[in-house]
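A single chain comes next, written as structure tokens; it is the form predicted on its own.
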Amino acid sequence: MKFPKSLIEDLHKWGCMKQTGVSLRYMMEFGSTPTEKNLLISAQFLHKELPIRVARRAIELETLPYGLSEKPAVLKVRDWYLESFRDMRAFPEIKDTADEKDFTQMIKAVKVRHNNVVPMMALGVNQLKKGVHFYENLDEIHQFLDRFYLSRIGVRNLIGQHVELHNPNPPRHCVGYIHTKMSPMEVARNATEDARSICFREYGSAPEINIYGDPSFTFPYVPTHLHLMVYELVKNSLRAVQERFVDSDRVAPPVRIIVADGIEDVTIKVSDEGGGIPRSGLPKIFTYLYSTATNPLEEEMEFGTADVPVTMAGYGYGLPISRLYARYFGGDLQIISMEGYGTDAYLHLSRLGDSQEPLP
């Protein structure tokens, strides 16, 4: 797609501006009274902030190493970013509620336009991999993807949060995407049921899952993020246990989930006896380039509107992306393995919610 030179110049100007991070706590306090005035302030902030973030990514998409920028899938993603930048810059100053409503519809459309960015970028990386035989040294691409996807989580969170504040009947204790009294036990239970049903579908059976923790404990967090992370960890554990015990006379041992509430962190540990990962393989589990699974877009180049959780299962991006979701609100994800026995995943979530968004 051709874009006017003036737009590209504008893009480079905005790409140099400073980004402004927001904390979970600020989003929660600000959004707890979604008055017209607050929605106006929020829209005016996004009108200035989103083009900066989108411009940075669009510029980075032009200068990727190893010719990745020229791959058809990556060019497609770059077009999406440029179109979104153009739409946001073309939007006039937001002066009143009518403007704010129009702006909200526009950023909603931007979010939909970017639904398939993750599988599309994965496709681009695969197009690169087919022609390159030296991907031991694709650190640069890996770091780029980390920055790129982390920034995407931020943009989608800000848009989603603003759009959701318009909901006339928000669920109880919810401020936009944030649940102020989220029970990690309950979210973990839902995520494990989803993961088990996938396991049943693939193997015809699934190991038991035991969850330990205080069911009455709650803290503010984004349930969709937590669900996505726990689902991914449990799915990996179920698969490992299932594969290890498929021909065994022994009953497959249960996967154990422990939810601990500390002062700074809430930690969720997922433990399995699925045989573990060799130590040499551990660094690779967080890379985007080693997956053996197939990309849903490669099989059918039809672009559905499925968002990340549905497709994420398929092509080995689960762990690195889950770690980015954890880091987005000041947490982290660590995997410790005992080869010949099993794996423990520690998902740390910041309980205080006052760390600023990381801004790559």
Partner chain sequence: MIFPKSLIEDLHKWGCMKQTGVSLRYMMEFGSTPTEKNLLISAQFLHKELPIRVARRAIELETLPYGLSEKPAVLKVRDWYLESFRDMRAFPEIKDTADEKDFTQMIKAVKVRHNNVVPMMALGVNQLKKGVHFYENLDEIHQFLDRFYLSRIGVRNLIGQHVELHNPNPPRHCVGYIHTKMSPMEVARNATEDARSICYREYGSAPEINIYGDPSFTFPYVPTHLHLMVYELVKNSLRAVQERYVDSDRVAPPVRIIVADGIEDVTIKVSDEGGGIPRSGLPKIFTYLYSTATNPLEEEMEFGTADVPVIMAGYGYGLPISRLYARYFGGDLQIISMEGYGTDAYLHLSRLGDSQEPLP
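Note that the structure is predicted; figures quoted are calculated from it, not measured. Numbering follows the first chain given and starts at 1.
Just so it is clear, the following notes concern the form predicted in complex with its partner chain, a form of the same protein that is not shown.
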Discussion item. Which is the contacting stretch out of 91-99, 256-264, 69-77, 107-115, given heavy atoms within 4.5 Å of its partner chain in the predicted bound form?
Written reply: 256-264
Discussion item. Is it the case in the predicted bound form that 279, 336 and 341 each bring at least one heavy atom within 4.5 Å of its partner chain?
Written reply: yes
Worksheet item: Using 4.5 Å between non-hydrogen atoms, is residue 269 touching its partner chain in the predicted bound form?
Response: yes
Worksheet item: Taking 4.5 angstroms as the cut-off for heavy atoms, does residue 62 touch its partner chain in the predicted bound form?
Response: no
Worksheet item: Taking heavy atoms only, is residue 332 within 4.5 angstroms of its partner chain in the predicted bound form?
Response: yes
